[in-house]
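This document starts with one chain, in the form predicted on its own, laid out as structure tokens.
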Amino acid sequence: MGLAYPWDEIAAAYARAAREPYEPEPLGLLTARAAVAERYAPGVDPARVLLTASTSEAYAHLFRLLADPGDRVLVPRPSYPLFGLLADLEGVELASYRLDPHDGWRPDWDSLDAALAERPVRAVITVSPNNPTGSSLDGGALAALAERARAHGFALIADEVFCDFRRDGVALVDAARDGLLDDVTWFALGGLSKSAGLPGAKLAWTACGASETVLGEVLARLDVIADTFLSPAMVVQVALPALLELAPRIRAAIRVRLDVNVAALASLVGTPAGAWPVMGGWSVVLRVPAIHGDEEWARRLVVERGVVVQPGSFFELEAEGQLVASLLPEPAPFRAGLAALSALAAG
């Protein structure tokens, strides 16, 4: 991608960590959890932070914690298609609620309420910023979700891996600190993959909250689940405080790349192609004439123009003529890709 990383400092953090003894703790090293609490969950006791190797593993733990086989969990549509695989592995049934493209991809409350009325659910998942739409939940949306959580007794799971790249919205821990989530069981997920641009580091975190009568049981059960796997490598846990110190510099370089490529989307104005506004995250939803299916558009772009995009249906985007592209490529090939898209759309 051509992004500048402080590799020498990253390597030094790992080298120092490699000398530390193996002293596992079920939820993760307390020093590492304290670093997460300080930077991503201010006001949250480090004892309420869980470390996993990935957010995928965190979801698996939370499904085990919250649901029995056959129980239902709600996920947003559109969203990244990981949830179905994880739910299948844990025996959990998924249903979806719609995000409205004409309302800034906010939750369609009628869709959510219909899903809640159909049968009980154990958890509602939000992705904020959403992948691929980039939309984030604001305080009003979180308050509305919390009201429903209290009424229906479900837990709220917020995937906030792109939280450092949102352009608006409210983080779940901030909403909790402001009292919006009182008496709601909630979990906020993040990790090094996006917050520090280090997917190979394989470390994610989950901050937890609940009423005083529930919190102790939640943490005790998570402790047993996590102790069964002891998943995150000790080296990356020890190195985590240093990696989080370096993360703002990496994010700054990523933000520059994102801003340049978002600005380049203006080249689509006046062409048969277009793009939804980018509100956060690392992706853009592109629009093309619905004369072909999205898979056919993706196939033609890669075969005829050497441009790689994802079909919108991969993310359950409901309208035809939508494609998803990464905003991380180097600017020159990204601009060339947009030009190729415009030319192909023009026929």
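Residue indices: 1-based, along the sequence shown. Small disclaimer: the values here were computed from a predicted structure and weren't measured.
One more form of this protein should be noted, the form predicted in complex with a small molecule, which is absent from this view; the next part is about it.
In the predicted bound form, the small molecule sits within 4.5 Å of a heavy atom belonging to residue 194. The small molecule in the predicted bound form comes within 4.5 Å of a heavy atom belonging to residue 131. The small molecule is not drawn, but in the predicted bound form it has no heavy atom within 4.5 Å of residue 265.
Proximity of residue 55 to the small molecule in the predicted bound form falls within the 4.5 Å heavy atom cutoff. 162 is the sole member of 154, 162, 105, 97 with a non-hydrogen atom lying within 4.5 angstroms of the small molecule in the predicted bound form. Of the residues 73, 127, 142, 207, just one reaches the small molecule in the predicted bound form with a heavy atom at 4.5 Å or closer; this is 127. Remark: of stretches 236-244, 223-231, 112-120, 154-162, the one touching the small molecule in the predicted bound form is 154-162 (heavy atom within 4.5 Å).
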